[in-house]
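Only one chain is given next, in C-alpha coordinates, and it is the form predicted alone.
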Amino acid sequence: MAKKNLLIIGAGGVANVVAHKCAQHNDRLGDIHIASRNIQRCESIIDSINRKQNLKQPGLLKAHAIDALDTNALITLINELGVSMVLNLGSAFVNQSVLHACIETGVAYLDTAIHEDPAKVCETPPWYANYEWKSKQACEAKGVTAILGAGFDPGVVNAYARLAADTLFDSLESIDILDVNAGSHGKYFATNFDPEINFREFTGQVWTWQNREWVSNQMFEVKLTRDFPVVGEQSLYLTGHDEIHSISQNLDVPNVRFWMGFGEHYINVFTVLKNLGLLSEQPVPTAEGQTVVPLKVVKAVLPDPSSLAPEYTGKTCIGDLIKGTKDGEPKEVFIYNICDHAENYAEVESQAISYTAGVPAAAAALLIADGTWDVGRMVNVEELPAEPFLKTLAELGLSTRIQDAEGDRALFA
(Lines give C-alpha, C1' and ligand atoms only; values in the text may rest on other atoms or scores of the structure.)
Protein backbone atom coordinates (compact mmCIF):
# COMPACT_ATOMS: atom_id res chain seq x y z
CA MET A 1 0.00 0.00 0.00
CA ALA A 2 1.36 3.42 -0.94
CA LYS A 3 2.71 5.56 1.87
CA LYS A 4 1.79 9.25 1.95
CA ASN A 5 2.47 12.27 4.15
CA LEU A 6 5.93 12.91 5.54
CA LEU A 7 7.77 14.75 8.27
CA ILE A 8 11.15 16.35 7.59
CA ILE A 9 13.37 16.77 10.65
CA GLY A 10 15.85 19.64 10.30
CA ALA A 11 15.90 22.97 8.50
CA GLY A 12 19.41 23.31 7.08
CA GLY A 13 20.56 23.29 3.47
CA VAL A 14 19.89 19.59 2.86
CA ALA A 15 16.43 19.79 4.44
CA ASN A 16 15.69 22.74 2.16
CA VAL A 17 16.55 20.70 -0.95
CA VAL A 18 14.54 17.70 0.23
CA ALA A 19 11.51 19.87 1.00
CA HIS A 20 11.67 21.48 -2.45
CA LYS A 21 12.01 18.13 -4.22
CA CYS A 22 9.22 16.53 -2.18
CA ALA A 23 7.01 19.55 -2.93
CA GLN A 24 7.68 19.03 -6.64
CA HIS A 25 6.21 15.53 -6.18
CA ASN A 26 3.56 16.16 -3.53
CA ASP A 27 1.02 14.39 -5.76
CA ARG A 28 2.86 11.19 -4.78
CA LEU A 29 4.05 12.16 -1.30
CA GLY A 30 1.09 14.05 0.17
CA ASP A 31 1.37 16.46 3.11
CA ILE A 32 4.81 17.83 3.94
CA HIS A 33 5.68 18.84 7.50
CA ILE A 34 9.02 20.43 8.46
CA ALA A 35 10.17 20.43 12.09
CA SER A 36 13.19 21.96 13.83
CA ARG A 37 14.11 23.70 17.07
CA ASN A 38 14.04 26.92 15.05
CA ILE A 39 10.56 27.13 13.53
CA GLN A 40 11.53 30.32 11.67
CA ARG A 41 13.99 28.32 9.58
CA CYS A 42 11.23 25.83 8.73
CA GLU A 43 9.01 28.71 7.67
CA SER A 44 11.83 30.11 5.55
CA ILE A 45 11.99 26.83 3.64
CA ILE A 46 8.25 26.97 3.02
CA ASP A 47 8.63 30.57 1.83
CA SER A 48 11.39 29.43 -0.54
CA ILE A 49 9.20 26.65 -1.97
CA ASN A 50 6.38 29.12 -2.57
CA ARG A 51 8.78 31.69 -4.03
CA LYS A 52 10.11 29.16 -6.55
CA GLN A 53 6.58 27.79 -7.16
CA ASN A 54 7.84 24.27 -6.53
CA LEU A 55 4.61 22.81 -5.14
CA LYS A 56 3.31 20.51 -7.89
CA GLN A 57 -0.30 20.67 -6.76
CA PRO A 58 -2.11 22.48 -3.94
CA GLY A 59 -1.22 20.77 -0.68
CA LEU A 60 -0.17 21.12 2.94
CA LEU A 61 3.22 22.61 3.81
CA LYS A 62 3.50 23.21 7.56
CA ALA A 63 6.26 24.19 10.01
CA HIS A 64 6.62 22.85 13.56
CA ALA A 65 8.94 23.47 16.50
CA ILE A 66 10.56 20.32 17.94
CA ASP A 67 13.60 19.27 19.92
CA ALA A 68 14.62 16.16 17.96
CA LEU A 69 16.53 14.82 20.96
CA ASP A 70 13.19 14.47 22.77
CA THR A 71 11.92 11.06 21.66
CA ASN A 72 8.60 11.37 23.47
CA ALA A 73 7.89 14.74 21.86
CA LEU A 74 8.69 13.22 18.46
CA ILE A 75 6.35 10.30 19.10
CA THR A 76 3.57 12.73 20.00
CA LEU A 77 4.17 14.86 16.90
CA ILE A 78 4.31 11.86 14.54
CA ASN A 79 1.03 10.53 15.93
CA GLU A 80 -0.66 13.94 15.78
CA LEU A 81 0.35 14.54 12.17
CA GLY A 82 -0.50 11.08 10.88
CA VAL A 83 2.61 10.86 8.70
CA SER A 84 3.83 7.57 7.23
CA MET A 85 7.54 8.42 6.99
CA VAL A 86 10.14 10.61 8.68
CA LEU A 87 13.09 12.02 6.75
CA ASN A 88 15.78 12.76 9.32
CA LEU A 89 17.91 15.60 7.97
CA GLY A 90 18.85 17.10 11.31
CA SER A 91 22.19 16.96 13.11
CA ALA A 92 23.92 13.57 13.23
CA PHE A 93 23.48 13.76 17.01
CA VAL A 94 19.69 13.17 16.79
CA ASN A 95 19.65 9.96 14.72
CA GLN A 96 18.99 7.64 17.63
CA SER A 97 16.13 9.63 19.13
CA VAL A 98 14.42 10.04 15.74
CA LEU A 99 14.94 6.39 14.80
CA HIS A 100 13.50 5.17 18.11
CA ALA A 101 10.46 7.44 17.68
CA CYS A 102 9.86 5.93 14.25
CA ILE A 103 10.15 2.38 15.55
CA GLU A 104 7.75 3.17 18.39
CA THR A 105 5.17 4.70 16.02
CA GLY A 106 5.71 2.19 13.19
CA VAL A 107 6.55 4.77 10.50
CA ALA A 108 9.33 4.60 7.91
CA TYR A 109 12.67 6.23 8.73
CA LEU A 110 15.37 7.66 6.48
CA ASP A 111 18.59 9.57 7.16
CA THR A 112 21.61 10.80 5.18
CA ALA A 113 24.46 10.45 7.69
CA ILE A 114 25.57 8.16 10.49
CA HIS A 115 24.79 8.80 14.17
CA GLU A 116 27.42 10.52 16.29
CA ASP A 117 27.84 10.81 20.04
CA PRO A 118 28.81 14.44 20.81
CA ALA A 119 31.35 13.26 23.39
CA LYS A 120 33.15 10.82 21.07
CA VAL A 121 35.13 11.29 17.86
CA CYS A 122 36.08 8.53 15.43
CA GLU A 123 34.83 5.46 17.27
CA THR A 124 35.90 1.88 16.60
CA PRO A 125 34.65 0.56 13.24
CA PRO A 126 32.33 -0.48 11.80
CA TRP A 127 30.54 2.67 12.96
CA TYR A 128 27.01 1.56 12.08
CA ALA A 129 27.36 -1.37 14.50
CA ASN A 130 27.87 1.09 17.37
CA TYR A 131 24.40 2.60 17.06
CA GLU A 132 21.97 2.10 14.14
CA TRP A 133 22.50 -1.60 13.49
CA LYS A 134 21.63 -2.37 17.13
CA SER A 135 18.01 -1.57 16.16
CA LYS A 136 17.83 -3.98 13.19
CA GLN A 137 15.84 -6.57 15.13
CA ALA A 138 13.42 -3.97 16.49
CA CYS A 139 12.76 -2.62 12.97
CA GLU A 140 12.10 -6.08 11.59
CA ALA A 141 9.83 -7.00 14.49
CA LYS A 142 7.69 -3.90 13.85
CA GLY A 143 7.97 -4.08 10.03
CA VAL A 144 9.58 -0.62 10.00
CA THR A 145 11.51 0.42 6.90
CA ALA A 146 14.66 2.25 7.99
CA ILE A 147 17.01 3.33 5.20
CA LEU A 148 20.38 4.48 6.47
CA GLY A 149 22.63 6.95 4.67
CA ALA A 150 20.38 7.90 1.76
CA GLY A 151 22.29 11.02 0.71
CA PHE A 152 25.02 11.07 -1.94
CA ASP A 153 28.00 9.87 0.07
CA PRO A 154 26.76 7.83 1.81
CA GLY A 155 23.85 6.89 -0.44
CA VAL A 156 24.27 7.25 -4.18
CA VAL A 157 27.88 6.01 -4.02
CA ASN A 158 26.56 2.88 -2.24
CA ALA A 159 24.09 2.38 -5.10
CA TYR A 160 26.93 2.78 -7.62
CA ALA A 161 28.77 -0.01 -5.79
CA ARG A 162 25.69 -2.24 -5.81
CA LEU A 163 25.14 -1.58 -9.54
CA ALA A 164 28.75 -2.52 -10.27
CA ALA A 165 28.53 -5.70 -8.23
CA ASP A 166 25.25 -6.74 -9.88
CA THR A 167 25.83 -5.84 -13.53
CA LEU A 168 29.35 -4.66 -14.39
CA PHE A 169 31.76 -7.08 -12.64
CA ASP A 170 32.06 -10.73 -11.78
CA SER A 171 34.22 -9.86 -8.77
CA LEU A 172 35.22 -6.56 -7.15
CA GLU A 173 38.73 -5.80 -5.97
CA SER A 174 38.44 -2.19 -4.81
CA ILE A 175 35.99 0.70 -4.48
CA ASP A 176 37.51 4.14 -4.11
CA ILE A 177 34.89 6.82 -3.45
CA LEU A 178 36.11 10.16 -4.79
CA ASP A 179 34.49 13.41 -3.68
CA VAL A 180 35.59 16.69 -5.27
CA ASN A 181 34.10 20.15 -4.85
CA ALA A 182 35.66 22.35 -7.51
CA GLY A 183 33.41 25.26 -6.63
CA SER A 184 34.10 28.57 -4.91
CA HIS A 185 31.98 30.34 -2.27
CA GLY A 186 34.08 33.51 -2.11
CA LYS A 187 34.55 33.46 1.68
CA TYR A 188 37.94 33.50 3.43
CA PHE A 189 37.04 30.20 5.12
CA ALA A 190 33.82 28.23 5.47
CA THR A 191 32.58 24.65 5.50
CA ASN A 192 29.97 23.35 3.06
CA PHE A 193 27.93 21.62 5.75
CA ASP A 194 27.63 21.82 9.55
CA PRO A 195 31.13 22.92 10.69
CA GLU A 196 30.91 20.79 13.82
CA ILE A 197 30.25 17.60 11.83
CA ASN A 198 32.72 18.64 9.12
CA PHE A 199 35.64 19.08 11.52
CA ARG A 200 34.79 15.99 13.58
CA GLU A 201 35.23 13.91 10.42
CA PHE A 202 38.82 15.08 10.06
CA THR A 203 40.23 15.37 13.58
CA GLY A 204 40.32 11.67 14.48
CA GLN A 205 41.85 8.61 12.86
CA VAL A 206 41.20 7.85 9.20
CA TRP A 207 39.68 4.37 9.09
CA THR A 208 39.58 2.55 5.75
CA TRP A 209 38.98 -1.05 4.68
CA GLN A 210 42.10 -2.56 3.09
CA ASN A 211 42.78 -6.24 2.40
CA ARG A 212 39.60 -7.06 4.35
CA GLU A 213 40.72 -5.38 7.56
CA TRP A 214 40.51 -1.95 9.15
CA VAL A 215 43.55 0.25 8.60
CA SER A 216 44.22 3.52 10.43
CA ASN A 217 45.94 6.60 9.01
CA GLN A 218 46.21 10.25 9.98
CA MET A 219 44.26 12.95 8.17
CA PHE A 220 46.12 14.42 5.15
CA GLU A 221 48.69 11.59 5.38
CA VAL A 222 47.81 9.88 2.07
CA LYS A 223 47.30 11.98 -1.08
CA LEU A 224 45.89 11.13 -4.51
CA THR A 225 45.97 13.33 -7.62
CA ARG A 226 43.62 12.47 -10.47
CA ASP A 227 42.20 13.99 -13.64
CA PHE A 228 38.40 14.14 -13.38
CA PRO A 229 35.70 14.63 -16.01
CA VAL A 230 34.66 18.31 -16.33
CA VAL A 231 36.49 19.58 -13.21
CA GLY A 232 40.00 18.49 -14.32
CA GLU A 233 42.98 17.57 -12.15
CA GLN A 234 42.27 17.55 -8.41
CA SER A 235 44.12 16.58 -5.23
CA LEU A 236 42.32 14.31 -2.76
CA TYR A 237 43.20 12.85 0.61
CA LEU A 238 42.38 9.51 2.21
CA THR A 239 39.55 10.16 4.68
CA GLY A 240 37.29 8.16 6.97
CA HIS A 241 33.61 8.16 5.99
CA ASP A 242 30.26 6.54 6.74
CA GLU A 243 29.80 4.38 3.63
CA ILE A 244 33.07 2.50 4.12
CA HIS A 245 31.58 1.00 7.27
CA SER A 246 28.53 -0.52 5.58
CA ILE A 247 29.87 -1.38 2.10
CA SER A 248 32.80 -3.23 3.69
CA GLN A 249 30.36 -5.43 5.60
CA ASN A 250 27.55 -5.82 3.03
CA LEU A 251 29.49 -6.29 -0.23
CA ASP A 252 32.35 -8.75 -0.71
CA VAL A 253 35.02 -6.16 -1.57
CA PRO A 254 38.57 -6.45 -0.17
CA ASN A 255 39.26 -2.69 -0.37
CA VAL A 256 36.90 0.23 0.28
CA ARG A 257 38.38 3.73 0.67
CA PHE A 258 37.10 7.29 0.67
CA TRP A 259 38.98 10.26 -0.78
CA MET A 260 37.96 13.91 -0.42
CA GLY A 261 39.32 16.90 -2.29
CA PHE A 262 40.91 19.70 -0.23
CA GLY A 263 42.67 22.90 -1.26
CA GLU A 264 45.88 24.01 0.42
CA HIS A 265 44.09 26.95 2.08
CA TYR A 266 41.55 24.65 3.80
CA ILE A 267 44.35 22.37 5.00
CA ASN A 268 46.37 25.29 6.37
CA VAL A 269 43.45 26.82 8.30
CA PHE A 270 42.32 23.42 9.55
CA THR A 271 45.84 22.62 10.76
CA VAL A 272 46.16 25.89 12.66
CA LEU A 273 42.75 25.45 14.31
CA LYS A 274 43.54 21.88 15.29
CA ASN A 275 47.02 22.70 16.63
CA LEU A 276 45.54 25.49 18.76
CA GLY A 277 43.02 23.06 20.24
CA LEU A 278 40.08 24.93 18.71
CA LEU A 279 38.62 21.80 17.10
CA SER A 280 38.32 19.91 20.38
CA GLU A 281 34.86 18.62 21.32
CA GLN A 282 35.83 18.58 25.04
CA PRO A 283 34.72 21.50 27.29
CA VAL A 284 37.37 23.90 28.60
CA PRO A 285 37.13 26.63 31.29
CA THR A 286 37.79 30.24 30.36
CA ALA A 287 39.57 32.79 32.56
CA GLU A 288 36.14 34.28 33.36
CA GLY A 289 34.94 31.00 34.83
CA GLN A 290 32.74 30.02 31.90
CA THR A 291 32.88 26.61 30.25
CA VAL A 292 32.97 26.42 26.46
CA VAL A 293 33.43 23.72 23.82
CA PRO A 294 36.07 25.07 21.41
CA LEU A 295 34.55 23.33 18.39
CA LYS A 296 31.16 24.91 19.06
CA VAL A 297 32.77 28.35 19.34
CA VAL A 298 34.46 27.88 15.95
CA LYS A 299 31.12 26.77 14.50
CA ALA A 300 29.46 29.90 15.91
CA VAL A 301 31.90 32.31 14.23
CA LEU A 302 32.03 30.61 10.81
CA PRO A 303 29.47 31.39 8.07
CA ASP A 304 26.26 29.36 8.14
CA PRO A 305 26.71 26.84 5.27
CA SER A 306 23.27 27.73 3.89
CA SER A 307 24.41 31.36 3.53
CA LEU A 308 27.04 30.35 0.96
CA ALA A 309 24.52 29.29 -1.68
CA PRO A 310 23.72 32.59 -3.48
CA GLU A 311 27.34 33.30 -4.47
CA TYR A 312 28.54 29.73 -5.05
CA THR A 313 29.98 28.98 -8.49
CA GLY A 314 31.62 25.93 -10.06
CA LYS A 315 30.88 22.22 -9.99
CA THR A 316 31.16 19.08 -7.91
CA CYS A 317 32.22 15.62 -9.07
CA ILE A 318 31.48 12.62 -6.86
CA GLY A 319 31.78 8.98 -7.86
CA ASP A 320 33.13 5.47 -7.42
CA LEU A 321 36.36 4.33 -9.04
CA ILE A 322 35.81 0.57 -9.13
CA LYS A 323 38.27 -2.16 -10.09
CA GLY A 324 37.70 -5.88 -10.48
CA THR A 325 37.30 -8.58 -13.08
CA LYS A 326 34.74 -9.38 -15.80
CA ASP A 327 34.88 -12.58 -17.86
CA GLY A 328 38.33 -13.31 -16.45
CA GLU A 329 39.77 -9.94 -17.51
CA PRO A 330 40.69 -6.92 -15.32
CA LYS A 331 38.22 -4.05 -15.56
CA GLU A 332 38.04 -0.48 -14.24
CA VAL A 333 35.10 1.95 -14.27
CA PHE A 334 34.35 5.37 -12.82
CA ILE A 335 30.64 5.91 -12.09
CA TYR A 336 29.96 9.53 -11.21
CA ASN A 337 27.80 12.64 -11.12
CA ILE A 338 28.56 16.27 -11.99
CA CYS A 339 26.55 18.99 -10.25
CA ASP A 340 26.55 22.77 -10.74
CA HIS A 341 26.27 25.11 -7.72
CA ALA A 342 24.62 28.01 -9.59
CA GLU A 343 22.09 25.79 -11.39
CA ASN A 344 21.10 24.17 -8.10
CA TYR A 345 20.61 27.56 -6.44
CA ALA A 346 18.43 28.73 -9.33
CA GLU A 347 16.15 25.73 -8.82
CA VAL A 348 15.93 25.26 -5.03
CA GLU A 349 18.01 28.09 -3.46
CA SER A 350 20.72 25.72 -2.18
CA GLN A 351 24.24 24.96 -3.38
CA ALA A 352 25.45 21.67 -4.88
CA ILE A 353 26.74 20.14 -1.63
CA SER A 354 23.23 20.33 -0.19
CA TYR A 355 21.64 19.41 -3.53
CA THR A 356 23.65 16.21 -3.99
CA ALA A 357 22.76 15.10 -0.45
CA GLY A 358 19.11 16.17 -0.57
CA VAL A 359 17.89 14.92 -3.95
CA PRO A 360 18.73 11.26 -3.10
CA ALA A 361 16.73 11.48 0.14
CA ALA A 362 13.71 12.72 -1.82
CA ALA A 363 14.22 9.94 -4.40
CA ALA A 364 14.35 7.37 -1.60
CA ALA A 365 11.14 8.82 -0.13
CA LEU A 366 9.41 8.35 -3.48
CA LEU A 367 10.60 4.72 -3.61
CA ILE A 368 9.33 4.11 -0.09
CA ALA A 369 6.03 5.77 -0.98
CA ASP A 370 5.41 3.55 -4.02
CA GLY A 371 6.59 0.39 -2.25
CA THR A 372 9.78 -0.24 -4.25
CA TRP A 373 12.02 0.39 -1.24
CA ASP A 374 9.42 -0.17 1.49
CA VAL A 375 11.21 -3.29 2.73
CA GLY A 376 9.98 -3.43 6.34
CA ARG A 377 13.45 -3.68 7.87
CA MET A 378 16.66 -1.68 8.43
CA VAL A 379 18.99 -1.49 5.42
CA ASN A 380 21.87 0.50 3.98
CA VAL A 381 21.48 1.66 0.40
CA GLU A 382 23.76 -1.03 -1.09
CA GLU A 383 21.32 -3.67 0.18
CA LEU A 384 18.56 -2.28 -2.08
CA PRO A 385 18.11 -2.53 -5.87
CA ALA A 386 20.18 0.26 -7.42
CA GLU A 387 18.51 0.74 -10.80
CA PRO A 388 15.16 2.20 -9.65
CA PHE A 389 17.02 4.60 -7.36
CA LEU A 390 19.41 5.83 -10.06
CA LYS A 391 16.57 6.19 -12.57
CA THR A 392 14.56 8.24 -10.06
CA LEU A 393 17.63 10.41 -9.37
CA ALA A 394 17.94 11.16 -13.08
CA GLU A 395 14.28 12.26 -13.14
CA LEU A 396 14.90 14.50 -10.11
CA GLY A 397 18.03 16.21 -11.45
CA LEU A 398 21.02 14.01 -10.53
CA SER A 399 22.29 12.15 -13.57
CA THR A 400 24.71 9.22 -13.48
CA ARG A 401 27.59 8.83 -15.92
CA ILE A 402 30.12 6.06 -16.46
CA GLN A 403 33.68 6.33 -17.72
CA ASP A 404 35.38 3.10 -18.83
CA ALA A 405 37.28 1.52 -21.74
CA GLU A 406 34.31 2.21 -24.02
CA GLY A 407 34.29 5.94 -23.28
CA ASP A 408 32.15 8.32 -21.20
CA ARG A 409 28.36 8.10 -21.36
CA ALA A 410 25.16 8.65 -19.41
CA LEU A 411 23.38 5.90 -17.52
CA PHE A 412 19.59 5.98 -17.03
CA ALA A 413 19.30 9.31 -18.84
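Note that the structure is a prediction, hence the values are computed from the model and not measured. The numbering used is simple: start at 1 and walk along the sequence shown.
If you look for the form predicted in complex with a further copy of the same chain, you will not find it shown, but the lines that follow are about it.
> When the contact criterion is heavy atoms within 4.5 Å, does residue 271 count as touching a further copy of the same chain in the predicted complex?
Flag for residue 271 set to yes.
> Even though a further copy of the same chain is not shown here, does residue 294 get within 4.5 Å of it in the predicted complex, heavy atoms only?
Contact with a further copy of the same chain, yes.
> Residue 131: heavy atom within 4.5 Å of a further copy of the same chain in the predicted complex?
Heavy-atom contact with a further copy of the same chain at 4.5 Å: absent for residue 131.
> Tell me, yes or no, whether residue 278 is in contact with a further copy of the same chain in the predicted complex, where a contact means a heavy atom of each within 4.5 Å.
Residue-level check for residue 278: yes, a contact with a further copy of the same chain.
> To test your reading of this chain, name the stretch in 212-220, 323-331, 149-157, 300-308 whose heavy atoms come within 4.5 Å of a further copy of the same chain in the predicted complex.
One stretch meets the cut-off, namely 300-308.
> Check each of 225, 290, 137, 124 and return the one that places a heavy atom within 4.5 angstroms of a further copy of the same chain in the predicted complex.
Comparing distances to a further copy of the same chain in the predicted complex, the residue within 4.5 Å is 290.
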